[in-house]
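This document starts with two versions of one protein chain, written out as structure tokens and named structure 1 and structure 2.
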Structure 1
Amino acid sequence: MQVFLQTLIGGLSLGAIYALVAMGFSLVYRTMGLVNFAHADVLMIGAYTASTFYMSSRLPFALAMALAIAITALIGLFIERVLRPLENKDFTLMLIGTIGFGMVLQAVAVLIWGATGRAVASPVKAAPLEFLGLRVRTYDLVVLLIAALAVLLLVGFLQRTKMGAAMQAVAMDHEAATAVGIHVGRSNAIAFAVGAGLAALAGGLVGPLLYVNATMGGTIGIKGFAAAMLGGCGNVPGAIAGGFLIGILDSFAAGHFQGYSELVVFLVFTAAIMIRPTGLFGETTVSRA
């Protein structure tokens, strides 16, 4: 039982990271009907940027994270602006464009930070907490707390602000939204910026847990995308649930199957998607193709 609970706690921490990544995927998909394949590499840029401000510039971790989020949000705006002329014209080229941006971001990361990567010191120096025989890293609790705060802020933004309401309207029917005067391009740009900010938050948080390098976005991004699909792509609450499910599954698979854990995770994911193709909270949504 103790091992089970210890593994579960580790899975929740990892799941919070995947949930942040999945929310970014879902937000862009819900608004534009587009899978942003550059999302994982934006996460990597966010991780590198946060670690640079934190370790090289000696800024407080929270400030380093805020700067990384701001910079990646600008990257998100830039990607959307470049792709905007293709909106509602050539969906395939837009998808290919996001893949191209991802490759460019990887190349830029290698040019700026090199190909060897870096380890990031934990910003939380406190000893692990112990209760009921369990040892919980303090940083894991910080990750869960920040992820929960990010979810609340995103939900509040979508439900309580005019900008969020406009994005919801565009997601439901972009032609009707245009007819009532909503600027669809601006809503898409905000979706990209917020999605990129979420990716940077995930990247900055995962930096002290993993090794930061130019290819780190690959595995995290694929699992984040799987989480978005599992929850129901385009569904933000589903992305959160999918993130935690993938994180917990990943944690238990790593404990029991070691080198085959990735295989187990994606076999279970494939089986779940075959049973329920629209995901757990499946919405039949947005298709602009």
Structure 2
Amino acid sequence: MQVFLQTLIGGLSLGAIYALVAMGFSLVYRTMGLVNFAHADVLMIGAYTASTFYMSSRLPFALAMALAIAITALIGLFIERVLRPLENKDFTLMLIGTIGFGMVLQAVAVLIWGATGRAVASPVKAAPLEFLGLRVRTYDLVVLLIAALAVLLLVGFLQRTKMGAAMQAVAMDHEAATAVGIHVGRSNAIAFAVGAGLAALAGGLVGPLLYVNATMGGTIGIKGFAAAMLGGCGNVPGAIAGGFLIGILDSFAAGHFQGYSELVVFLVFTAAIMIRPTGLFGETTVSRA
């Protein structure tokens, strides 16, 4: 029982990270119908910038994170601006474009920060909380809290603001949206910027949990993408559910299947996707390209 609960707790904090990554994937996908393959590398840049401000410039962690989010949002805007001429013309090229940007970001990270990577000290010094023989890291609670806040803000933005509503409209039918005077390009740009900001948030938060280096996006990005697919690509609540599912699945598979855990996680994922190709909360409204 203790192992079970401790495993669950272990899965939650990384699950929250995957959920944030999945939300970024989903947001861009629902707005543009595009999978942004540079997403994981934007996360890596976010992790590096946040840790640089936090460790080298000795800024408070929250401020370092805010700066990192702002900087990566700009990168998101830039990527969208470069890809914009292809929007609605050549979808495949746009996809390849995002892959290319991912490679560029990795190369840039190696140029700026070197290839070695760095360990980030935890910003929360408090000892883990202990009850019933279970231990919960205080930093994990911070991660969960921030992730929850980010979800609330994003959902509020999409549903309560004019801009958010416009983005939903573009997602459903970009021609009709253009006809009623919505600037599709701007809407896409905002999706990219917010998506990049989410990636930076995930990256900044995961830094103290893991180790920051130029290829850190790889595993986290793949798990985050799987989470987005599992939840139903393009669906924000689905992305959150998918993130936690993948995190917890990962954690339990590690305990039961040891060295074969990765294989088991993706087999379960494949089976789930075969049974429900649209994911758990999948909708079919978003299918433009």
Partner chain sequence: MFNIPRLRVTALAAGVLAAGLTAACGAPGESEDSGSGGSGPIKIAVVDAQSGQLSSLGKWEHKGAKLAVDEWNAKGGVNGRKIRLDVFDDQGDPTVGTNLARKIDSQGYIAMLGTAESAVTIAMAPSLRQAEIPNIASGQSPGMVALKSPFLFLNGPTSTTYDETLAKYVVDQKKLKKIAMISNNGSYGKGEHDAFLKALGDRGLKPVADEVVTTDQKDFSAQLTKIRQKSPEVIFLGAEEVESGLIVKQARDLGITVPFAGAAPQGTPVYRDTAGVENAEGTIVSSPYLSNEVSEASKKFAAAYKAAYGEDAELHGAKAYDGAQILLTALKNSGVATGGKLADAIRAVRYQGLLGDFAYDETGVGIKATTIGIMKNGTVVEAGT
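Being a predicted model, the structure only gives us computed values, none of them experimental. We call the rigid core whatever largest set of C-alpha positions still superposes within 1.5 Å between the two forms. One-based numbering along structure 1's sequence throughout.
Looking at both structures, it is structure 1 that matches the form predicted on its own. After superposition on the rigid core, the Cα atom of residue 56 is displaced by less than 2 Å between the two structures. Relative to the superposed rigid core, residue 259 shifts its CA by 2.6 Å between the two structures.
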